[in-house]
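Two forms of a single protein chain come next, each set out by itself as structure tokens; they are called structure 1 and structure 2.
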Structure 1
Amino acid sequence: MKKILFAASECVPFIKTGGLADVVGSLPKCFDKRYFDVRVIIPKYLCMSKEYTDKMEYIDSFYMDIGNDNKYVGVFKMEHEGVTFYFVDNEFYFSGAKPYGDLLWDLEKFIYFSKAVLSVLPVIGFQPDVIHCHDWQTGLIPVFLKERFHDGEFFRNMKSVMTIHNLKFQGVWDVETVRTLSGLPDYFFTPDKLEAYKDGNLLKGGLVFADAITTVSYTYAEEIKMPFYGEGLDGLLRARAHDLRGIVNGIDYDEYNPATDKFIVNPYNARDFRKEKVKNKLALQEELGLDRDEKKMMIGIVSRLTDQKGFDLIAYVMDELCRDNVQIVILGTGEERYENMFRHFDWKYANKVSANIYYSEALSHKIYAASDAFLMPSLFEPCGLSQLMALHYGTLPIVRETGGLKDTVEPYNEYESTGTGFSFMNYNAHEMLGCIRNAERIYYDKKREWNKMVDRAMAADFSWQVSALKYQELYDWLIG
């Protein structure tokens, strides 16, 4: 039996701010239980729902030296959906109203967490073959594993994997602070280890010392070796290219399933979507005050409203796009200028544009079910989950060919009648508009072709089971 421990800063259903939580919560359920014992460890945040904290069982506690101090470490445990979860308790660090806030404070608490994860293992009697670390918050685990924990018999053969979910976030602060908080010796703060551009960098530490590196799509694994996507670490990633692989994320098909979705008005499946899907569009048009017209093409957007997601392209051609025979439904929050831009177009084209500047799980599901197409023109996209949800709901993605979008959306080929969506290559507003208008043409003039594309989109398999098999191969390769 191979033992794996996932270490992360968030995990569904306990705490979630982004896609990382979905990966850490969903993936462990999908491993073959006959060969893999996969468990998860995260912080025990005070802001977690009482529904879960009440079910946690206290295991043990001890004190651990960190920086120049001794800190309390409590350990709790809980079984959920067949997976064992451990929680590191320390109210000094984890009592905030949300998991992240001030970066310096976050650095200190996740340095503490990284060391606590390793210190907890002998106490709980779990000796993993591989510790799978996620993002910069756990970047020091591979470092500590090779440094102070390496001599112990218990840790000697332990391997570590570092997964990059978004290279933009690295956990960077001045060397002096990182050295003091971590207690690592001076020789760790050199350009070939934790130092990057005169600062201490937690993610870099993980990337240097981990036995293997993964990221969340094959194309993103290639892109981050180039300066434009590499966020200053492309040289290191080129040097470790042999140990770097891309594995596409999945989505939970129990939660995102148009046949059983409790949030949508009219469930449908791959067999009956031609008749049934449109009823969701009519219901959403009514709910949002748009013209009720089942034939009008609806384009959905569910996203953080930031530059990364390509909203400067949309802003540039929004007026032109609104003159087309389409409706546009937006859900999300983010940068003020994009929030206001969508509010403006909602006011200007009230019967065609609906801007919902907040977040609602229920409305997001309704948009996936009601829309005909889903727009995602990202500047960069490590994996992206929205296009996977759109595909499963038979809502054809219109994406830029980057990262996970390129790996998961097959562009429509009119001559061979293949593809599951539409894509454009260059980061250019009119190239995007041309791609949207091509989709409109197929939708209005070649409805049979469109429906065949929906068939293929709904049949595509991006479940976690597929990803889990790839991770199993990685662990087998590492453990030998």
Structure 2
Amino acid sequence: MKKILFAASECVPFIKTGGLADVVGSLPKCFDKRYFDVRVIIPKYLCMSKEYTDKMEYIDSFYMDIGNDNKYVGVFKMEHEGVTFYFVDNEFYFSGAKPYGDLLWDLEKFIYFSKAVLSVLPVIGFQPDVIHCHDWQTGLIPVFLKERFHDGEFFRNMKSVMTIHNLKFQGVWDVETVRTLSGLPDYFFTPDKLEAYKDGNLLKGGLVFADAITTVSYTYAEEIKMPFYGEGLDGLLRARAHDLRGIVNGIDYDEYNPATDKFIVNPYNARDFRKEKVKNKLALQEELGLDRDEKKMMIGIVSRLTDQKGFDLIAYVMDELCRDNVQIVILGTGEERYENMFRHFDWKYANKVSANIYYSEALSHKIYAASDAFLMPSLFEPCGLSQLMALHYGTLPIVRETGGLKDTVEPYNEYESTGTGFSFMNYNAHEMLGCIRNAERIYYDKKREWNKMVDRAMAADFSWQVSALKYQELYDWLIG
């Protein structure tokens, strides 16, 4: 039996701020249980729902030296849907209202978490062959593993994988601070190790010391080797190109299934969507106070409201778009300027635009089900899960051709009658608008073509099956 430990800062159903949580929560269920024992470790946040924290079982606690300090480490455990989860407990670090906030504080707590992950292993009696680390929050695990823990027999053969879900966030602060907080010796802070552009960089540490690197789509794996997408680390990624592979994300079709979805008023499937899907649109129009009109094209957006997602483009042409015969439904939180931009358009075009500036699992499902199209014009997109959810709900994605969007949405070809969505290439607002208008044209004038596209979208398979096999191959190769 091969033993794998996922280490991450978030994971569904316990805590989620974005797609990372979906991946860490759903992928471990999909490995072949005859050969792989995959477990997960995350922090035990005070803001987790009591529904889960009540079920966690206390295992042990001890004090761990880190930096110049000695810190409490508690470990809890819980089985969920056939997977074992561990939780690192420390209320000093994990008591915030959200998992992340102030960057320096986040840096300190995830340096602590990274060391705690390794320290708890002998205590819980789980000796993984591979520790699979996700994003900058766990970047120091491969570093600690190679150096500090390497002497002990227990850790000697342990391998590590570093998966990049988003290269934009690296966990960067001045060298002195990172050195003090981590307790790592001076010689780690050189440009071939943790130093990047004179600062200390946790993700870079992970990328240098991990035995293998992955990212969440094939195209993003190529893009990040170039300066435009490389966020300053493209040189390192080119140097490690042989150890870097792109494995596209899947989604959990038990969670995201229009036929069984508990959040939507009228479940539907690939056979009856022509009649049934639209009832969800009428219900959502009613719920959000939009014009009740089953014929009107509804465009959905469910997203963190950040630069990454292309909201500059939307802001630029929103007035023009609102003159079209469309409704736009937004669900998201994030940067204030985008929150206010959508509030403004909601006020200006009350019966056409609905801005819902909060987080809601239920409303997100309703939007995937009710909308005709789903807009995601990202500046960059390591993979993107929202477009996969939209596809499965027969809601056609309108995307920019970057990262995982390029790998998962096949552009409509009017002449060959192929494709599952609409896409454009350049980061240009009017190119996006042209693409949206092309979708409007097909929706209004060629409904049969549109519906055939929905057939193809709903038939596309983005479950974890294929990608879980690719991770298994990677683990096999590492373990030998």
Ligand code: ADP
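All of these numbers come straight from a predicted model, not from anything done at the bench. Think of the rigid core as the biggest set of C-alphas that the two forms share within 1.5 Å after superposition. Residue positions are counted from 1 along structure 1's sequence.
Comparing the two isolated chains, structure 2 is the one taken from the form predicted in complex with adenosine-5'-diphosphate; structure 1 is not.
Put the two forms on the same core and the Cα of residue 257 is off by less than 2 Å between the two structures. Superposition on the rigid core between the two structures places the CA atom of residue 96 2 Å or more away from its counterpart.
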